[in-house]
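Presented below, as structure tokens, is a lone chain in the form predicted alone.
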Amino acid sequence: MSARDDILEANARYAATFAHPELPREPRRRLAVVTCMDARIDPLAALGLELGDAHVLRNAGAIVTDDVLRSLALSHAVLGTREALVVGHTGCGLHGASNEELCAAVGVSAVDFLPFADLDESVREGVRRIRESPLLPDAFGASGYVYDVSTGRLRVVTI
């Protein structure tokens, strides 16, 4: 059976007992989470959230890019979020990698994959970008964390 077939079969089981047909578009907790795409992270479970509580934005490295800021601006202005959590994690593939290594792995020469040398500083930079974004009001909150993939624990990053 292919991954596609597995997914469609699993979705049929999920849909048969789907218990959330009336969830509003607006996240209940007025919260957005920026985290990594790493498959070892279940952001809702790790943060004690449920379906419908928060917007979850994922990319390689939990980097607050221009596109993340675009999404946060819409999340706030259209859907009422009031704060964002930036959640990096231990064992991230971008942590300590060089752009040259990443370009070679992908087979390109002129892409910035945004690797970082210091995990806490990467999270701090993400929080700073949110706090300083002209797309978000000054009252929009932002805080940073590191998730430990070995223990499931969250650590606050001092900004």
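The first residue of the sequence shown is number 1, and the count goes up from there. Everything quoted here is computed from the prediction, not taken from an experiment.
Although not depicted, the form predicted together with a further copy of the same chain is the subject of the following passage.
- Proximity to a further copy of the same chain in the predicted complex, defined as a heavy atom within 4.5 Å, singles out one entry of Glu121, Glu132, Glu100, Asp42, which is Asp42.
- Although the partner is absent from this view, Ala117 stays clear of a further copy of the same chain in the predicted complex, with no non-hydrogen atom inside 4.5 angstroms.
- The closest non-hydrogen atom of Arg128 lies beyond 4.5 Å of a further copy of the same chain in the predicted complex.
- Residues of 127-148 placing a heavy atom within 4.5 Å of a further copy of the same chain in the predicted complex, in sequence order: Pro134, Leu135, Gly141, Ala142, Ser143, Tyr145, Tyr147.
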